[in-house]
Structures are given as C-alpha cells and as structure tokens.
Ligand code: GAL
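First, one chain by itself in structure tokens, the form predicted alone.
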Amino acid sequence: MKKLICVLLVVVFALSLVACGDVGKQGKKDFIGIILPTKEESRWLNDQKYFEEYFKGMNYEILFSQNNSATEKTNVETFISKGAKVIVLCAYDAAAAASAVNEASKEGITVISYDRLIMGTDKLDYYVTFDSCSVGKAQADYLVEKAGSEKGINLYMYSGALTDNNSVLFFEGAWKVLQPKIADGTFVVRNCEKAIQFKDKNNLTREEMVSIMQTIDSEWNMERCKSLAEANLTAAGDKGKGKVYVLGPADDDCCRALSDAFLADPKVTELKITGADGVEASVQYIIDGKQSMTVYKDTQALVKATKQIIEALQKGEKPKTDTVYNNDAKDVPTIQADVVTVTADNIAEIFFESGVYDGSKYTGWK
C-alpha cells in the first residue's frame, strides 16, 4: 500500500509539472513585441514611457529601430523568434515594413501599425493613429488666422519624411487650407517652386503632393531642418525675410530647429511657426514666442487604443474600431484619436492644469 501511495504521488507530481509547463507556454503566447522608430527624438521616448505605464503586468518588450529599415526588420524577426502573439510596429519606412508584416503574418502573429500606416500589404491587422489630415489642417488654420486680410506674407513650407505615409496626410490637410491663400496672394511661397506651380489647384493627387514635398522634406531630422532653412533664406534674399510664416513639419523637434535657424537671421523681424506633437522640449519655446503653436497629439490615447485591441484579442473578441485607412492593399480597421491646438493662450489649461507637464518648471506664463 505504501508503495502504491508513493507511485501515485510521483504520478500526481509529474502531472503537476506538465500543467505548469502548459501555463508557461500560455504566457509565451501572450508576449507582445513593440517596435518604435528611434531613441533620438523626444516624441518616441514619450511613447515608450506611456507603454511602460499602461502595459504594466503585461508580457512585453520594446525595441527601437534607430530609423533603419534593416534594423526594423531584424527587430520583427527577433520578436517572431521569441514567440510574440502581437507585434506593435511604428514603421520607419512605411513601404519597406510591408515585408516584415508579411513575415509575421505567416507565423500567425497579429500586427498593429502604430501611428504610421504600413503600406502595400493586405496582412496588416489593425492601425492606431491620430487624424493626420486634421493635424496639418490645424497648423494651416493657425497661419491663416494670424494672416488675417494682409497680403504678401512670406511663407516657407516644410514636410515630414517621405518614408512616412503620415507626412503626406499632414501635408494634404495643410495644403487644402493654405492653397486658396497662396492663390489670392495672402502668402508668397519662398522655398518651393513646385508649390507655386500648383498654387491654383486645391485637390492634389498623391504624386503631385510628393513632387512638392521632395524639395521640402525634413526627413524628421533637426540638422536637416536647420540646413534647409539656412539654404532657403540665402536663396530667398532680403525679399523673403521681414515677416515670415513657416509651416513646420508635424514635429516639434523639427519646429524648434527651424525656429532657431530663422531667428538667427537678423533680417527676419517676425516669425510665426507651427509644430505638432506637444513634446515637453517645446513648452518653453511656446511660452517665449519662439514656437507659435503645437498640435498636441496625446500619445497616451494611442497606447490606450493599442492596449484595447490587444486585450480584446486576448479575450477572443473582435476589437472595436471606429474607421478604416486604406494602405493600397486593404482597408485597415483603425482606432483614431483626436488632436488639440495649443498656443501660449491655452498652454496652462492643456498642459499644466491637466498635469501633462509640471508648470513650475517654466518661466513667463500666467
């Protein structure tokens, strides 16, 4: 009898080990791989912070691609090898990332395109984003409002990187607002012949927008912005200085670099310049008048939307989405977050009183 009991105990113990092993495998199935573009921009460090905050208790890892398509692909392959159930990918190159999505899909992995739409693959599962056209529109609306009925204001235009599909959407939203004011002489474009060529056309094709953007592409790079601005000011000469309005790329880091370059020219007597993202480094610039506005994209909303999709999938449910974006291969189910314009007039309400940033760190605001 004692021997029988011992045998039974051994069997029960062995079965318990098998059960524990199954739990471990289930944990691996819940592994989430998150890939962000670069550590060199404050925007993406903010996203990392919010992922760490909202994904506490979840099995995840964050990798950065450092704005390199090859590294990005390697990161995807790393997460495939680790048994990821979901990959959240903010692509550096929207077109090049398609092959990585296809590779993940072959392994049954759900891919969520984060902030930047991955183009040209029907294997993409979900997309979380801001209304990118509304970002560009808000920037342009600000410039038009400040221009009022004045004519002949110098306008410099800059776009985001052409590798990022959002850049085209930002530009599209801005162009629809600015074009009539370029056509009627409110603004005189000083740094883009292609924009002048299309000044009478409001609805541009994608190819036409890209042809304009090719000469004003910031590459989402601060040094590139500085070089572009300096070259543009030199080429424009004195007639392109004085009062200057700048449509900055939808990126506050680029906006600050452009602002520094324009304000360094003593013949620029007044500057209105637009940014986007609402990063902390631009708060003092806005207070000091060196950056006129930002379109605040609260990345907490994107992280929450991503978590919402993942939690639904883990429960075996179909995630709720509110719109679709076409990536030239399919209509991708999408959750879209709202944006808000922030200026020196409402910065305290939006950033300080709400607790986004600590107002005591900044000087010159009331």
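The structure presented is a predicted model; accordingly, all values stated were derived computationally and were not measured. For every residue, the number given is its place in the sequence shown, counted from 1.
Omitted here: the form predicted together with the ligand. The next part is about that form.
Although the partner is absent here, residue 170 sits close enough that one of its heavy atoms falls within 4.5 Å of the ligand in the predicted complex.
Within this chain, residue 116 lines the site of the ligand in the predicted complex, having a heavy atom no more than 4.5 Å away.
Proximity of residue 166 to the ligand in the predicted complex falls within the 4.5 Å heavy atom cutoff. In the predicted complex, the ligand sits beyond 4.5 Å of every heavy atom of residue 296. The stretch in contact with the ligand in the predicted complex, judged by heavy atoms within 4.5 Å, is 41 to 49, chosen from 56 to 64, 41 to 49, 331 to 339, 312 to 320. This chain lacks the partner; the member of 220, 175, 142, 126 within 4.5 angstroms of the ligand in the predicted complex by a non-hydrogen atom is 220. Taking the ligand as positioned in the predicted complex, the residues of 235 to 266 that bring a heavy atom within 4.5 Å of it are, in sequence order, 250, 251.
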